[in-house]
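In the structure tokens that follow, a single protein chain appears in two forms: structure 1, then structure 2.
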Structure 1
Amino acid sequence: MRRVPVRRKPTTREASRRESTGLRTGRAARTGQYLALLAYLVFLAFPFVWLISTAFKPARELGSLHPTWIPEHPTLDNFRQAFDEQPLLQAAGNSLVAAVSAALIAVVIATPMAYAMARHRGRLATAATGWVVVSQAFPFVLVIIPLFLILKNLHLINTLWGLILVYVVWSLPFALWMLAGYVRAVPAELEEAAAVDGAGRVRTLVSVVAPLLAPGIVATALFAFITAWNEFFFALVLLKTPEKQTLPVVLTHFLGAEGVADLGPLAAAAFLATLPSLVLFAFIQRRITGGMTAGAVKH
């Protein structure tokens, strides 16, 4: 007859040793995670810290062979020179018009489309979702030539409306993805109750779903705004005259013909151009994460 091995119950000393080993392993793993996170944060923060430091340094410190992190004699001369040399306010106004218009139009178009994607199951909705994901992998250079020809035929080259149209098309897939997640988080029972009261699809969307989507709509609009505000490639190709150029394009004017940068004014202008994106992203970063994961929660 085969004997079944009996597992020996560990003694108190052995159990204490195993618990101590497990605690040390867990503590070492957490320490490694914190160190990796700290290294990543330092890597991300380095360009911005260097930018701020450079923006406030006088010319003598910028040319020093022994650069310092903190300016010894901070100055605002770089900011004055940047505004004197380039039309930063006009460029910022163009960027503001393009970014705000693109964000508003993208949200108005994306809200009903995201509702349809989230609520209607089927092959068409699955194909649309897949296309939205795949379109995010398209590089800019792949679409710029067809876009240029289309805008040329529409007489929209070198116009802010042409640039706004491109920004709307480019930000629409991710806006759809975000808003669809928010729509899935809205209980379907509310729409069924509205249907029982006689509300149609459009009234249900406007009166019931849209108010609940308000945080997601605001987050999506701010994301589209940041995307358009920071965009450079399309603006460089589609806008030719200096009066129409946006802020990222004007920043390149601080580079000389031989590639020599006017470092102080460039850093000052880049610092001012970065502030709106940082403020808005600090405001919406939690809502963006919530929108991307909301669809994974089943109510």
Structure 2
Amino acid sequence: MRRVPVRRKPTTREASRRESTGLRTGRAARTGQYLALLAYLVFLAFPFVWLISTAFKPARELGSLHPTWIPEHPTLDNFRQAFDEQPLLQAAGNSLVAAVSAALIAVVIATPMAYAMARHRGRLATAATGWVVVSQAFPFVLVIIPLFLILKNLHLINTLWGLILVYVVWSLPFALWMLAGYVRAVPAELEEAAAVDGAGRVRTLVSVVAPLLAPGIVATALFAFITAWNEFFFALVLLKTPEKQTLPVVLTHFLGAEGVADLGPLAAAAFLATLPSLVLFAFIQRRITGGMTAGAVKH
């Protein structure tokens, strides 16, 4: 008869040894994770910290062979020069109008469309989703000439509205794709309950789905805002007069041929250009995090 091995209960010493090894392993793994995270954060922060440092350095420190993190003789001259040479405030105002408008319009359009895409499964919805993904692969230069001609016929060249229209169209596919994911995370049972209570499609969307989608809508709006805020090529091509130009276009005025740059003022202006995005993130990051995890648990 074959003897069945009996699992022996570990002694207290063995258990404690095992536990301590496990703890050690866990602690080592966690330390490794934290170190990796720290390295990643440093990697992400480096350009921004360097930008700030450069913005406050006088010209002579910019040419130093041994650059320092903290400027030895910090100065505001770069900011003064940047404001003196280029209409930064006006450009920031234009960028703000374009980016906020584009974000709002994109969200208003994308929300019902995303709902339709997420809830109505069928060949059309599948094709639409596929098209949305494919459309993201088009390079700007491919679409800019037909787009330019259409806007010209609409008399929207050199207008912020023309630019906003382009930004909305450009950010819609990704906004749709993003929002559709959030819609799928909203339990369909809630809508069925609303229907039982007599709510129609629109009422269900506005009163039941939209509030639950709020974090997703905010995240999508933020995405559209940042896309529009940073966009350069469309703004360069579509806006002709200096008073209409947006911040990314004005920033390139600090660049010469073959990549020569007026580094100090460029860094100062670029630092100012990143502030709105940072402030916006600071205010709504909790909502975004909430939104991103909203669909994580299956109901």
Partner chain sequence: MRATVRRAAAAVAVLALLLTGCSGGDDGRDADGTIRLRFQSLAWQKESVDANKQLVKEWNVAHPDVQVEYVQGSWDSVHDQLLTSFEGGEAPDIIHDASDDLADFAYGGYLADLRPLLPERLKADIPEQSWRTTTFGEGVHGVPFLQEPRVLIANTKLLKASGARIPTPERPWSWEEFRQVTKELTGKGRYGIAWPLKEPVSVTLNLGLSGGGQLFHRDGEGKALLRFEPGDGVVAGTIHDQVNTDNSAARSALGMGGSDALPGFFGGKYAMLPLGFSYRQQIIQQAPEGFEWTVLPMPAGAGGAVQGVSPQTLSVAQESPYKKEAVAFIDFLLRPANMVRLARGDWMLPTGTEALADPSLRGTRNGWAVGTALAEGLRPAPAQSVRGYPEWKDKVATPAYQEFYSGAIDTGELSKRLVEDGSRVLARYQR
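Structure 1's sequence is the ruler for residue numbers, which start at 1. Whichever C-alpha set is largest while still superposing within 1.5 Å between the two forms counts as the rigid core. This is a predicted model, so every value here is computed, not measured.
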Inset, instruction - Would you check which of the pair is the form predicted on its own? - result: 1
Inset, instruction - Could you check whether residue 189 and residue 121 sit in one rigid part, given that the chain shifts as two rigid parts between structure 1 and structure 2? - result: yes
Inset, instruction - Can you give me the hinge-style rotation of the smaller rigid part versus the larger one between structure 1 and structure 2, in degrees? - result: 14
Legend entry - Per-residue C-alpha deviation between structure 1 and structure 2 [residue 42; rigid core superposition; Å]: 5.6
Inset, instruction - Look at the Cα of residue 67 between structure 1 and structure 2 with the rigid core superposed and state its shift in Å. - result: 3.5
